[in-house]
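In the form predicted alone, a lone chain appears below as C-alpha cells.
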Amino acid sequence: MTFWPQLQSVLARWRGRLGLGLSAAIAGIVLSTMLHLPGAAQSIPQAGGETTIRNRSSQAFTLPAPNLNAFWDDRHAAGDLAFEAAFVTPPANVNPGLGPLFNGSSCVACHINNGRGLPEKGQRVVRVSQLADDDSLALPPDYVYTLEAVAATANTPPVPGLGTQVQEQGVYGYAPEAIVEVTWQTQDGQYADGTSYSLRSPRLLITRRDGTPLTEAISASNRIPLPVFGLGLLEAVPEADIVALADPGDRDGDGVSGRPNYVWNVEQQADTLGRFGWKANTPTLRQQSASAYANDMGVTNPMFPVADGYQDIGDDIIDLSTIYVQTLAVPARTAVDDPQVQRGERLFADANCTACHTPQLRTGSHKIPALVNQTIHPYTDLLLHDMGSDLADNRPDFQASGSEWRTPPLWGVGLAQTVLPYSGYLHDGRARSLEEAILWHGGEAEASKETFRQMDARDRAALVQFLKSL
C-alpha cells in the first residue's frame, strides 16, 4: 500500500523538473512574441498577484504559479498527475473505480487545458431535481442508477433513477441513466443603431433508458465546466470581504443586490459560505474535487463513500487534485497600453458592470504561502445575482434561487477561444461570443446590458476588446 504513493512522489519530482523547465521556456517564447513595447511586462496588471504568469498561449491555464516554493512546486507536479489520471473499470492495478455510471473518466476530460468545456456529452453536466411528488417517477426495484449524496440542508430533492446529476455514460454492462438531447432555439434582436444580432438558447430532452421522457415535475439545468485556474486565490479571499460586498436590500439604489450563498460543508457538517460552482454551491476546493470524483466519475472517496463505507481512492488523491488547482498560475492581461482597450475598460465601468464583476480583491491567510496577501484582479464578487428569467434554470440550490447565479470571474476570459476553440460562455455555453454573453444579461444586470445595446459599434467593439485583454 505504500509503494504507489512513493512512486507517485518520484514521478512527480521527475516530471516537475522536466515539465516546469519546458513550460518556462515556452512561456518565454510566447512572451517575447506577444509583448512588443519596451517595459510592457512591467505595465501589465498582476491579475493573480505574484501567481501571475505572462503567457497567452493555449497552455496559459496549465502552468504552476511562479512563486511556489520547492515543496509546493513538487506537490503541484504530483497533483498534475492526479488531475490527468484516467480511471478504469475495477479491478485494475492502476486507477480502478470508474463508474459504473459516469460523465467523464478524468478531470481533464471535462476541463480541457484547465479551461471551460463544451455543452457536449462527456463534458457538460446536467443537474436535475424533483419539483413535486409524481407517481410516474417510481421505478422498479432492480433499476440500476447512481444516487449522489444529498446534503442535509439541500433543497434539490434527487430524482428516482437519476439522483441530482445525469450520468450519460456507463461502463460495459451498464446502460447510462438517461439520454440527453440538446436542441438550440434562436431569437433575433437589434442594437440601437439598427445592427442585428441572433441569440440561441438550449432546450433539453431527457429520456430514460426505457424510452420515457422526463415529466414537468423535474427541473433540469444544463452546465458546462468552469475554468480551474486561480481558484486557490479565490479560496483565500477572507469571507468577511466577500460578505461586505453584498447588498441584498440594494441600499445604494443601483439595481444590484448581490448576496452570498451558504451551503453544506461536508467536513465541518455545517452550512458555510459557498464560493465555487455556477451557483456558488460548494464551499471549498477540497469538497469540489471530492464531489467531482464521486458525481462525474463514479469514484468514491472519504468525503463521498458508498453506503458501506467503501472508497475507491483515499485522501491523498483528493489532496493532490485540490493542490493542483489551488496552485495554478493566472495569465496576465495583454494590450493594456492599447487606447481601445483602455477606452473599453472605462465603458465597462460606466455601464456599472463592475458592480458585480469586482475588479480587485485581496487574499488573506492560506496554508499555501504563495496565495497569502495577494492583490488580485478576478472581476468577480463571488456573490449570487438574479440574472432574470431568460437565464433562469428554475432550479434552486441551497439559498440560490432558480434565477440567481454566482458572478463568474472574468480573468482569462479573453483566452477562452485560444485554450478551447468553439467553447461557449454563460452557464450552459449558449453564448458563442462575448457580445452574446452580454446580451443575455437580465435582472440585476438589465441596465448594464441595455447600456451596451445602446452603444454605437465603436464603443461596443472597445468594450469587447477590453474583455479580450483579460
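Please read these numbers as outputs of a predicted model, since none were measured by experiment. From 1 onward, residues are counted along the sequence shown.
Not pictured, yet referred to below: the form predicted in complex with a small molecule.
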query: Among 171-179, 329-337, 197-205, 226-234, the region lying within 4.5 Å of the small molecule in the predicted bound form by heavy atom distance; finding: 226-234
query: Partner contact for His76 in the predicted bound form: the small molecule, 4.5 angstroms, heavy atom; finding: no
query: The small molecule contact at Ile376 in the predicted bound form, heavy atom, 4.5 Å; finding: no
query: Contact label in the predicted bound form: Arg54 to the small molecule, heavy atom within 4.5 Å; finding: no
query: Heavy atom of Val159 within 4.5 Å of the small molecule in the predicted bound form; finding: no
query: Contacting member of Pro119, Gly277, Gly97, Gly163, with respect to the small molecule in the predicted bound form [4.5 Å, heavy atom]; finding: Gly277
query: Of Ile242, Ile368, Cys107, Ile218, the one that lies within 4.5 Å of the small molecule in the predicted bound form (heavy atoms); finding: Cys107
query: Within 4.5 Å of the small molecule in the predicted bound form, all of Phe83, His357 and Arg406 (non-hydrogen atom); finding: yes
